[in-house]
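A single chain comes next, written as structure tokens; it is the form predicted alone.
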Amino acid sequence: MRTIDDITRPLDYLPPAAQILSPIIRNWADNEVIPYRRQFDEDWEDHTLIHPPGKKLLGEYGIQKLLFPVDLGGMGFGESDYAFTSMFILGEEMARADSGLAVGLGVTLWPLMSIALKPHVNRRLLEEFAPLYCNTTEMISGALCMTEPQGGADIENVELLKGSTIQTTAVRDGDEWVINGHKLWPSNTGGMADLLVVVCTTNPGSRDPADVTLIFVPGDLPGVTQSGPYEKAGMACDKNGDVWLENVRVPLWYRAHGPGKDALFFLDIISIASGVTISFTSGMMMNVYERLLEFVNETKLHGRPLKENDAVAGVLADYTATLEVIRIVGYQAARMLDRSDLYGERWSPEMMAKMRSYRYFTMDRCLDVMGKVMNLMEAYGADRDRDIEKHWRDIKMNQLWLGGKQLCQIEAARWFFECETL
């Protein structure tokens, strides 16, 4: 019988660690997550069931050390030539089990990307936070705090608005930053974030990139308040809440890089997130393929397996063709992020446009064929025991973050057609 390992991925792109990384995450998914994931939706508030597999993967297996240099106790992937291809493998295997968990665990690494990835490594901050991540088997949760209540995804529209709508402020006071503001929906908040990276401005209303700041904020500092998590349609494993910062003080050197550079690297982590999101799509689709394969083999029509019906075969072909293309596109995007020497800097308008294009294309195609699978399976498609409806809800939520499809379209059109007013 065919398996998900028959779905193509470009073998020449795979890092040397792939043969080790893939089986570890696959085994974790099969034994620690998939048997329990239907119960995770009811555990959205307390994470009593969700926490143990997260702790095992991040803390006990050490995945939270991935980006730190080896001499600081990490795995050294931050400065490797396969950082993003490795993260694609990680995201894909996690999302096959539960994309909410993949997002929650993956976002722990996201803030660190602003200081751990070549060419913009901040050694001093890595030394500061390495003990938090590397000297423990407990799970550490990181959060990137961008979106604000008044502007939604305006902050992520950096190229057009240039940080002018950011209202969370960072004011210098001697050797410290004093931060005030309100952030909305960051993953890994809802009371659980250990380390925040907060997008601020040093001059509200300014369109000068030098005023955009990325500042690291330990989650237990005085003045940091996290709300409880929101109950959402899906992705229960990804806690989202509000974060309030009231006169929060951190050292000046907790800023990621400095004037001008922070704005560039903010673009960088948005571009990265667009590419990594495709790994979640690919992973979910692979598990749907597994469930669909079972269904069309065990269900009979006129005494034959359902898959032997011509019309059904057309739907199956649409699904697998889409999965094949999405997986290839995803690995290509990851390799492009790895090879800035060939494809340009990750934060360039060109790479932003291309990563956004790949992301929204894969989301649209996935939602289209997922709908066909739901229709094919009829009531079974919506049956929680079949898991299809869980992935169907989750993939829609994957589409909505970072400005959703609309901002992806705008940034793609802006670069490819040289639009001047978008």
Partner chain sequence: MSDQDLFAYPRGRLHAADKDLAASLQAMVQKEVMDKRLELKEDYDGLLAPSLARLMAEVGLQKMFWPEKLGGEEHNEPEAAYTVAAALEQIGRADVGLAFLAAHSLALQAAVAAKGSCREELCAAVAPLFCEGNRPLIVSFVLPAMSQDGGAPEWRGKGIQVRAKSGPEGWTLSGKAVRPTCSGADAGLFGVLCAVDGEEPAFILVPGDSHGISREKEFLKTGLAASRNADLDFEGVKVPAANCAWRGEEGFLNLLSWFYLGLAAAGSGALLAVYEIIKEWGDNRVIKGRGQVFKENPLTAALMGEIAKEIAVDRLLAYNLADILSDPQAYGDDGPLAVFTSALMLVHHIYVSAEYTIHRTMELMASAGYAREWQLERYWRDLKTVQCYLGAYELAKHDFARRFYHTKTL
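Numbering follows the first chain given and starts at 1. For clarity, every value in this text was computed on a predicted model and none was experimentally measured.
Only in words, not in the display: the form predicted together with its partner chain, which the text now covers.
K.L.:
Are all three of D154, L160 and L400 close to its partner chain in the predicted bound form, meaning a heavy atom of each within 4.5 Å?
P.N.:
Spot residues vs its partner chain: full contact, yes.
K.L.:
Do Q150 and its partner chain come within 4.5 Å of each other in the predicted bound form, heavy atoms counted?
P.N.:
Contact with its partner chain, yes.
K.L.:
Can any non-hydrogen atom of C419 be found within 4.5 angstroms of its partner chain in the predicted bound form?
P.N.:
Residue-level check for C419: no, no contact with its partner chain.
K.L.:
May I ask you to check whether G371 falls inside a 4.5 Å heavy atom distance of its partner chain in the predicted bound form?
P.N.:
Although its partner chain is absent here, G371 would touch it in the predicted bound form, with heavy atoms inside 4.5 Å.
K.L.:
So, in the predicted bound form, is R249 in contact with its partner chain at a 4.5 angstroms heavy atom limit?
P.N.:
Judged by the heavy-atom cut-off of 4.5 Å, R249 is well away from its partner chain in the predicted bound form.
K.L.:
Work out which of the listed stretches, 227 to 235, 193 to 201, 167 to 175, 104 to 112, brings a heavy atom within 4.5 angstroms of its partner chain in the predicted bound form.
P.N.:
This holds for exactly one stretch, 227 to 235.
K.L.:
Which residue, K56, R393, R26, H47, has a heavy atom that falls within 4.5 Å of its partner chain in the predicted bound form?
P.N.:
After the contact test, the surviving option is R393.
K.L.:
Just to confirm, with a 4.5 Å cut-off on non-hydrogen atoms, which of V312, I328, L264, A273 contacts its partner chain in the predicted bound form?
P.N.:
Selected residue: V312.
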